[in-house]
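Given as C-alpha cells, the chain that follows is alone and in the form predicted alone.
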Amino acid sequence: MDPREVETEANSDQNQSSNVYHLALDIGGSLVKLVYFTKDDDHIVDGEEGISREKTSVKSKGSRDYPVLNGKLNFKKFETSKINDCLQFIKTMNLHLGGNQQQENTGSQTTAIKATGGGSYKYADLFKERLGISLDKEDEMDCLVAGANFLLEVVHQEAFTYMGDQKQFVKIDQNDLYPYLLVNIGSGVGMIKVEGDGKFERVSGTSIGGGSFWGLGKLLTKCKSFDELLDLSYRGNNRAVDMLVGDIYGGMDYSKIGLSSTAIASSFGRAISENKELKDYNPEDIARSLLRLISNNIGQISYLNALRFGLKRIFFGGFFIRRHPFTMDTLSVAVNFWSKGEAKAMFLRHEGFLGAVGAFMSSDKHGLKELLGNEVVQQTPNKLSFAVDKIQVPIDVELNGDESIECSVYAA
C-alpha cells in the first residue's frame, strides 16, 4: 500500500466529520492524546480495489465477508491544562459521534468512548456534561503495552536508534520482539518488562520525568510551554552550568575509570563555586543542563533495570522525548556507556500515543491479531480491525504529534 502524505493539521471542515469512525483518548497529567480513524470518501472496498482479496476477506461463522474501509489513523495532542480546547476540537469535528459503542443507561443510550490515563477518571464528568459521552475506562498499563506491541509489530519502520546525529531504523522481527523493556516517559516515568501480548510487569519507575523538566524549567526560565523550553535548550550550553570532570581534574580526563574531561561530574554543580544569582545565568544554558540531567538519569535507571532482567533492547516512549535530537542522543549515550555497548536505546515514531493506541485497540481485543495473520476469525469483529501486515509511514517526514497515517480496517 502506497503511503499518502502525512497530514500535519486536522481538517476542521464539518463535511469531513461525517467520515469519523472511531475515537480513543489517553488523558495524562500533562497531555491529552487522541487517536481516531477517518475513512476516505468512496473508499469502501470489498476485496477487488485498494488491497488484495486475501487481505480483505474476513469471515464469521456464517461465512459472511466484511467490507474494508480505507482511511487514515489520526493522532493529535492537547495540553491537559487546556482540556477545553480538546473538548471543543472533539465537538467541532464530531469525533464523539462516529462509530462508537452505545451503552444503555436507565433506558437511554449514551455514547461511550474508550479512554485511559488518570484523566479518564478526573475529567469523566466534564466529558459527560460538555459532550454527553461516557468514558469507558481501560487500564493504563494494559493500554501502554498493547499500543507499543501493536506499533512495533504493524507499523513499518516504527522503531529507530539515534546517537551522534545518526538515525537508523530498526527492522523488527515479530518472532523475536520479546522480551523488552518499555520506558514510558510522561509526567513521571514507568518501566515495564514486556514478555508478550498481555504479559508484562511494571518493574520500576521514577518521579523525575517530563513533568520535572517542564515544572523546573518553568520556574527557572519562565518558559510558558514544554516545546518553548525544548527550543530554548537547543541554543544552550550546559557547560556554563554543570560541573565537568575536567573542572575537578584541571582539564584532564579521569581515564582510569573511563571518564573524559567533558563528562558531567555534577549537574548544576558549577553554580556552587560561582558568585552568581539566577538572573546572571542564560536561560538557554539552564534549559540545556536540565534536559541533560533528566535524560541522563532516565537512561541510567533504564539500563540498570534492563540489566536486572537480562534485556538487551530498551524502547523509549512518551512525549518527553518529542523526537528531540539532544534528548535521544543523551538517552542513547547513557545506555551505551553504562552497558558498555551491550544494550541499545530505541525510540518509537509514535512515542507519545502508546496509551491512546492501546485504548483504540481495546474495542477489538479478540480479532485483531488473527486478522493481521490473515486467519479466519470465528466471531464478528467489534467496529474496527486493521487489515494490513504493515502500516506505511513516509520515512522522510518528521512526525510532530499531530499527524495521520494511511491504513485500512475491517468494518463490522
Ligand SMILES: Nc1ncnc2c1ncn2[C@@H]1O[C@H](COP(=O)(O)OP(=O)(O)OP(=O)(O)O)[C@@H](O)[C@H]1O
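Keep in mind that this is a model prediction, so the values were computed, not measured. Residue numbers run from 1 along the displayed sequence.
The form predicted together with the named molecule is left out here; the points below concern that form.
Asks: Scan Gly217, Gly299, Gly186, Gly236 and let me know which has any heavy atom within 4.5 Å of the named molecule in the predicted complex.
Replies: Flagged contact: Gly186.
Asks: In the predicted complex, which of the listed residues (Phe127, Phe200, Phe150, Phe319) lies with a heavy atom within 4.5 Å of the named molecule?
Replies: Exactly one residue meets the criterion: Phe319.
Asks: Could you tell me which of 151-159, 238-246, 130-138, 209-217 sits within 4.5 Å of the named molecule in the predicted complex, going by non-hydrogen atoms?
Replies: Selected range: 209-217.
Asks: Would Gly358 count as touching the named molecule in the predicted complex under a 4.5 Å heavy atom rule?
Replies: Taking the distances in the predicted complex, the answer for Gly358 is no, it never comes within 4.5 Å of the named molecule.
Asks: Although the named molecule is absent from this view, report whether Phe226 comes within 4.5 Å of it in the predicted complex, heavy atoms only.
Replies: Answer yes; at least one heavy atom of Phe226 falls within 4.5 Å of the named molecule in the predicted complex.
Asks: Within 4.5 Å, heavy atoms only: does Asn70 come near the named molecule in the predicted complex?
Replies: Because no heavy atom of Asn70 falls inside 4.5 Å of the named molecule in the predicted complex, the answer is no.
Asks: Taking the named molecule as it sits in the predicted complex, is Asp142 near enough to touch it, meaning that at least one heavy atom pair lies within 4.5 angstroms?
Replies: Because no heavy atom of Asp142 falls inside 4.5 Å of the named molecule in the predicted complex, the answer is no.
Asks: Using a 4.5 Å cut-off on heavy atoms, what residues in 268-296 are near the named molecule in the predicted complex?
Replies: Contacting residues: none.
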